[in-house]
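Shown next are two forms of a single protein chain, provided one at a time as structure tokens under the names structure 1 and structure 2.
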Structure 1
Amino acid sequence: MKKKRSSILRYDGVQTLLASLLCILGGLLIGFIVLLIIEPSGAWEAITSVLKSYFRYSSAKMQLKYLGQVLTRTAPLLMCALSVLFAYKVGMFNIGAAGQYVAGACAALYMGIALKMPWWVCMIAAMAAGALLGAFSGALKTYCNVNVVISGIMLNWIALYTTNMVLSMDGIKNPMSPYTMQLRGLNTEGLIPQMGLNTLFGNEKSVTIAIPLAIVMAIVVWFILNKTKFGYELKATGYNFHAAKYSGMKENRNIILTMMIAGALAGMGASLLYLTGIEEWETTISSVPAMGFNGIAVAFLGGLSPIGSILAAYFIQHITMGGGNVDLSVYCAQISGLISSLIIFLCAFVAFFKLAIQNRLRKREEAALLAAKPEKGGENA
């Protein structure tokens, strides 16, 4: 039985799952301890409300409606995770996914509100904007040896303030508020079609084909990375830049293409959110949206797997929405964000726990081999 259990633990997928569960439990435990320190009487109720999320509603219709909202916000989060993991597989840490997401939002909303373009044109524009920003970061790495982390951070802020400036133009910004005009009221063709999916989720207006589109993109990314020659070349470039160069691969092209694709994925993620009409862009925002940064946690929680990231993106969005259900008469308004951020923070330790599991297995195997040697010697004697 022990041998069977250890053989199961050798599978990479099982190790990733266990590591992810450890991170989730650790985040919940720390969050619970923080709640106990602040106000012990309401700690259990607060942590359970985070986990219940939309299940706290007694009506099945309301549960489906809020589930639809969770899934709507899961789609862009998944795309940002795909952006991060795609670049990471090629040896680059795409912290610039947040800026590429912002650039995508700018292009999608400008095309939809100012130019009244249909949704698919807006989506292509968002992908192109994200790809352009990603390509710039890749070109800086290739030709100027600028680390993509440094260039990504700088470009995040450039993208943010450029977007604020563009979307503050007359005809795009709502003159009565700091937000852009509602796409739903100006250009219904700019909204991603629902195709009847909204009827499955309590007629929630924000539920569109964005959700299946994101899942399809996750499958496409998995296929490219694992089943194509192009994906093999990209990963080979990431594993060893010089070896890829001397084997005849176009290493500079691969780096720029990788960042372009990663940027396009993040840009598409922004279009999957803003083209559903669930929210508008705030033109006075002074911090980069968390969606791109949360994509990093989702990518690692999902074990840097496109398929695993689907479940991880849903979980992160589930607890993020559940964090808003904490009783504000007992705790301050920021406590929901604190609990969610603690869990998200712990998700970044998936690789650490996975390595710990692997080291534990290796030590156990070494101990078993050492124990078997004297027995073999005794038999020979």
Structure 2
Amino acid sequence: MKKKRSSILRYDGVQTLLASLLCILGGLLIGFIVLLIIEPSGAWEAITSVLKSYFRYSSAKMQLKYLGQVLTRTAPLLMCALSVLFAYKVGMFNIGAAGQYVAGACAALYMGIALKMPWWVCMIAAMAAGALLGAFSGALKTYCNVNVVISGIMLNWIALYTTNMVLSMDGIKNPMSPYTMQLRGLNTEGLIPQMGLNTLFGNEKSVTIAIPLAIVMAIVVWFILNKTKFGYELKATGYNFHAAKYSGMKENRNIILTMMIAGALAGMGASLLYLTGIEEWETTISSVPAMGFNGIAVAFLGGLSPIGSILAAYFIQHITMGGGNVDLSVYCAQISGLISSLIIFLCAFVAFFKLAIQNRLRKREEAALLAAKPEKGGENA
């Protein structure tokens, strides 16, 4: 399929971008219809305030401050998306990213609050915890043939309840509230350093090197998957397990390793949120935090590319913050959750959409070929 004079639609990246934009548009459109049904008079204002997000503040300083908050929350989401897409490239659907994220939060906060460790120790602990959970899923898959989706979901809940128990211990949980104690007051070493980044964002306290760190990780994941022999082997295992096995790759090791890396990415994501002090863990929470599941949305919206995921993660956090701007006496903030879930649902059609574009292009090409040389058949891709 590499011909000159071909249309721009031919590039895979362009097709993916187009498909993602279509998903976003579709999600927004259905979201808008839902708003119209709830209350038509304010629907337009509501959907624009979701899209405007922090731009609704008039002063540049406030805009920067809230942009900083959006970016701080983008970093962990991006990590979860990387976790999902890394596993997906190896043929596994890592719905367990949510649980690996929870395990990461548990380890990071335990190290930070109970043991007063510096931030990088906490982060490594979070990665280790996520990796452990991921490896467990991978091992169950290779040795016991348990579907990664099912084991991931079970481990999500196990991780959630374990984390609630661990973080409810004396000295970690705030005795006055269901939340853990604030890291900022107890162990400033445990906070990810800002290195002056906060001054760029209206002195927003939560802006730290977590943001560039997440972007670096996205590039590392891209590099491993596309530029190394290791990544090539992993992808080969995902494409065809048996072929990989017969060509001498260690297929079982590859699967466990993939899940370990995916778990470490999600675990690190949690440390990037909880070690900035923007949020505490709620020890009575009864559902798995949405971050990991949103990671799935981001990974697919980003066309399963690490670089695309950066944009997608930002977009999802942008509209999530925007959800809080709607008139809460008529609508509710969850409208942005609804829009993002609609977007993922539409993302399931991306493959079909791309195939449709390719089919059309091929038919056009075949027609052109037939017109030129009637005796020869069309080229088959």
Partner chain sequence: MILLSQYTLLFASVLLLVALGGCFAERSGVINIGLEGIMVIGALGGALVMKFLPMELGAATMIVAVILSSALAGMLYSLLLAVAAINFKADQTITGTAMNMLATAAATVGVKAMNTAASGGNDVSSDIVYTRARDAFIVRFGNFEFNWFMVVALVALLVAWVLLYKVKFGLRLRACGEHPQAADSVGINVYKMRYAGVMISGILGGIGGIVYITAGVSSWKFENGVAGFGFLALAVMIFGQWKPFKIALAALLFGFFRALGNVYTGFDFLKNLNLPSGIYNMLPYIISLLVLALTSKSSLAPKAEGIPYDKGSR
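When a residue number appears, read it as a position in the sequence of structure 1, where counting begins at 1. Here the rigid core means the biggest group of C-alpha atoms that line up within 1.5 Å when the two forms are laid on top of each other. Everything quoted here is computed from the prediction, not taken from an experiment.
The form predicted in complex with the partner chain is structure 2, not structure 1.
L361 is among the residues whose C-alpha shifts by 2 Å or more between structures 1 and 2 once the rigid core is aligned.
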